[in-house]
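Just the one chain here, the form predicted on its own, laid out as structure tokens.
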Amino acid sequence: MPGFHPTAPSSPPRGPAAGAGGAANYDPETVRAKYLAERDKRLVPGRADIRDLGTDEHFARYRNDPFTPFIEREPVADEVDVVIVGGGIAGVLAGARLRKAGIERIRIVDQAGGIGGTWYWNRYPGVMCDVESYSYLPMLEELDYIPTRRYAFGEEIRSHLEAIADRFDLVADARFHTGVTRAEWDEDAARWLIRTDRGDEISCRWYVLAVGILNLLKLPALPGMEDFAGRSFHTARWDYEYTGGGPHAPLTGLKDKVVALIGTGASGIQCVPPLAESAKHVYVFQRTPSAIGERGNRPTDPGFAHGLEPGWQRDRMDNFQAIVMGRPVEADLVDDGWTHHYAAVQHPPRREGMTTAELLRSGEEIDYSIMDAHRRRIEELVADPATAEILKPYYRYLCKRPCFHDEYLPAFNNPNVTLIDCPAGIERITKQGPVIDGKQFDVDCIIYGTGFERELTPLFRRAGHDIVGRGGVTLAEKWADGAASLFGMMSRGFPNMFVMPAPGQQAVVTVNYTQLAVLGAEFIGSAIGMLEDQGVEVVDVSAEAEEAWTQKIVDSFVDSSALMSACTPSRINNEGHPEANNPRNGNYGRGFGDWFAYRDVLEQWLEAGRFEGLELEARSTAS
């Protein structure tokens, strides 16, 4: 509300501290052997097999929308300026920046029933962001809004995205519960023709892909899944009709139900405490334990906005990004597990004269200290020693995306919660429930907290439809051997098409995805606005510019497959096969990329206003 601006806590409690205990007695050979032994338990055939929910007749229903009723409508046939595929953070920000640039006819198309993207679909109890709200929720200054908690719950994030969409009038012309089936460039008309599964035919001058990075629901292919006689669903389609309750209300429908939760990543750990509070019994099936750091969540202090200057959110995002990149800052404004542990492991301090071998050894010691502190935290919070031991993560910190939670570990002290260790995965599902090592677990409900296809899933798969450019060439065909782009946002042969930057497509990777989405939206909105102002009707990337950018990406690629192959299998290392990573799908800068250099390139390109690397056309045939 106007005049009320809460604040983040000045000094949240730290989790396990980098370098705290353990390193003095660190034996690298023993630790490596333990980590490899734990990895090998999980390197099993078929571990990455998933259901194709686009064709699987039995499990396609898992994608249905349980939150918004499907309403029949007549097909739309019209012309707009811009079609944006995706109504999540990326799509909403792109729409807002395009509106600021003076673009009038903007149409968002999304398979969801409304705005929100991942925050529309993920409404399971306990869902919240794992990057602090003051940096994660976009456009806080523009909307004069401060999140109510340090780590906002899902409904607050979704409501904020809806508020942005309303502010910039992006909802009235949107088409929800609508999937694009084909997008084809019409050379004669100099427009894109978009076809949908609702029979729509929409012509647009500019086509923007804002399809997200974790948008494809992942369901493991387990033998016998279709035989289960009880209720089952994925956490990204939570079935409140069955469980009762709501995100912050008791799940009353489960009071006499035995529930199996499969998966202990970010989704799984967040919904365990609410399940423990409501269900008769909960079996948590864990293939690999996550590293669970302290979250330290709390309501926002009412004094937060006192003294904030214009541009504070960008400054805060930059502060966070600098720390995780190992750059010096005057103060740690976020002060959480990411800035304490993730940053320390990513960029161990290098003393003058230190050899590469000494740096690697130092990095291993820091990593071990952090992971050992996580393991000791489990011993402190979980009463049963056997359960605590199963929960301990034995791998290097960055082998899996770290998690942060305050209630997950203590939930295992509840007598109605049982942790099932299954490093090789679920053996099979029967009519009664999961089977592990020949033991049958009889349950009433199976909840799959198995997440989404990994961030490096190719763009053409994440888009979910054929994108046909000049000469009838599809994006899937062009990118079959790896990405080819300018800035990770434009690709030759696909005129007037922009793609929001993301991992795996020649941009950079950020822990806080919102910061990358803000940059992408600003670039796309500004570029299209400038092209419109100058009367440009068709724009394409030059062959030379695309080749040069792609070569920069390849040249900066660091082959980490030897290191990552020692990791426990996860989506971070392609389920144990990091050697499959393609240098063409890398980042601008080594490793996860140089965020600040990437932003400089984009901002300087816009400021120059010369459209360097693009081929521009003006046509009288374009309407």
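Residues carry their position along the shown sequence, with the first being 1. Values in this document were obtained by computation on a predicted structure and should not be read as measured data.
Keep in mind that the form predicted in complex with a small molecule is missing from the display, and what follows is about it.
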| item | value |
| --- | --- |
| Contact flag, F487 vs the small molecule in the predicted bound form, heavy atom cut 4.5 Å | no |
| is_contact(K400, the small molecule) in the predicted bound form, heavy atom dist at most 4.5 Å | yes |
| 4.5 Å heavy atom contact, D110 and the small molecule in the predicted bound form | no |
| In the predicted bound form, T264 touching the small molecule (heavy atom, 4.5 Å) | yes |
| Partner-contacting position among R584, R63, H577, R47 - heavy atom within 4.5 Å of the small molecule in the predicted bound form | R47 |
| Among the candidates G224, G363, G246, G425, the residue which, in the predicted bound form, approaches the small molecule to within 4.5 Å (heavy atoms) | G425 |
| Listed range touching the small molecule, judged in the predicted bound form by heavy atoms within 4.5 Å, from 489-497, 122-130, 341-349, 88-96 | 122-130 |
